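Quick heads-up: it's one chain on its own, the form predicted alone, in structure tokens.
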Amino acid sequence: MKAYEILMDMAVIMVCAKFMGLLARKLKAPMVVGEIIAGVLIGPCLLNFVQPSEYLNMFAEIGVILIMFSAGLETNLTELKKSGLIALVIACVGVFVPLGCGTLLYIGFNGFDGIGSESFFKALMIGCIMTATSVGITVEALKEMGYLKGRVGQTILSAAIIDDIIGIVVLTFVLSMKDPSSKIGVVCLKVFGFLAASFILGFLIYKIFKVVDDKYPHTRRIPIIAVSLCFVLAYVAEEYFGIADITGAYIAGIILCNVRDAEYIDRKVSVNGYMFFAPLFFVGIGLKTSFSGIGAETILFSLAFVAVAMLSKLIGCGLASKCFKFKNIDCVKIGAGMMTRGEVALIITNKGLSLGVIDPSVSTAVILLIIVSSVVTPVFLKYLYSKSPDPVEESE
């Protein structure tokens, strides 16, 4: 493929992604669903206008790094401190129950060759995909009903933030085990070494960046330096610690999330990330999707995958919240609010595909999960709140 040929591919991708994204939003679905479907339509699976290529993969990798950097920037550490033990416990259960259920689901369909085997690693990757929570749809539904600031709404929001952090750490462990010869002790050492180095250097970087930000607020150099830090940490994570580059990007965002211009940086990153690079990533997922190998077993697995992913969050987070004396229906609200999946699930799926540890058919199951959870969650929440409105919000 000649270098200039990528220009026409990108033009087709950008136009189709925008059109399908807007159509999805009109149908009350996340824009990313429309962008993925755009990839399916214009890719080899159907119209064959665009072929997957190394160029597109590189742009897509930048897109996913910027998405995770933005997610880190949007982390509210103050809210995390306020949420305390309740959100932490709910988040932990909300990660490890789906992780275990997803692992068992894969083993049930494909068998088990023992801990440390390739099949066990594939099973763990399926579990990792299920850990990710995307509460964008939940937040919009709670805002619309006026319940976001209630005890239940704030618990869901805080637990989802912590859920993402724990999920990224778990993914880091699992990806570090992709080498069959790797030892769990070495993997733990690498992960904790990277986290410790990030904490120490991150504190120093934060202090330096804060001084620069105070001296030159709202200047172009601020987001430029911030994005440079994102790329450096992403590179260091992958190259020197054997950890996914998205982990480094996410930590870079967390390091800077409390500087004065964090929102300004996020806004500038979003202009390039969500307008250009991110659509290339989501459309790329669609381009890689293939219906050729889909049979009765794949359809059955996809349906089971969606059911297990949603129920494991609903039951796990609901039971965990019961330990803190929430009413039964409020426990169900919390579990329901944690059911949605989005970008992070796709990112983990893409990592698994690039490593060759999960089958392309899994992406079909993940896309189905995102669509179903995005539709079911707000409808279910509205039903639950109609049965039991939040008295805190009503008093306000």
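Bear in mind the structure is a predicted one, so any value in this text is a computation, not a measurement. Residue numbers here begin at 1 and follow the sequence given.
Although it is not shown, the form predicted together with a further copy of the same chain is what the next lines describe.
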{"query": "Answer option from F277, F109, F173, F112, heavy atom within 4.5 Å of a further copy of the same chain in the model of the complex", "finding": "F277"}
{"query": "Partner-contacting position among V139, I166, V232, L201 - heavy atom within 4.5 Å of a further copy of the same chain in the model of the complex", "finding": "V232"}
{"query": "Stretch in contact, per heavy atom within 4.5 angstroms of a further copy of the same chain in the model of the complex, of 59-67, 325-333, 38-46, 361-369", "finding": "59-67"}
{"query": "4.5 Å heavy atom contact, K387 and a further copy of the same chain in the model of the complex", "finding": "no"}
{"query": "is_contact(S119, a further copy of the same chain) in the model of the complex, heavy atom dist at most 4.5 Å", "finding": "no"}
{"query": "Any non-hydrogen atom of V271 within 4.5 angstroms of a further copy of the same chain in the model of the complex", "finding": "yes"}
{"query": "Contact flag, I224 vs a further copy of the same chain in the model of the complex, heavy atom cut 4.5 Å", "finding": "yes"}
{"query": "Within 4.5 Å of a further copy of the same chain in the model of the complex: residues from 8-24 (heavy atom criterion)", "finding": "M8, M10, A11, M14, V15, K18, L22"}
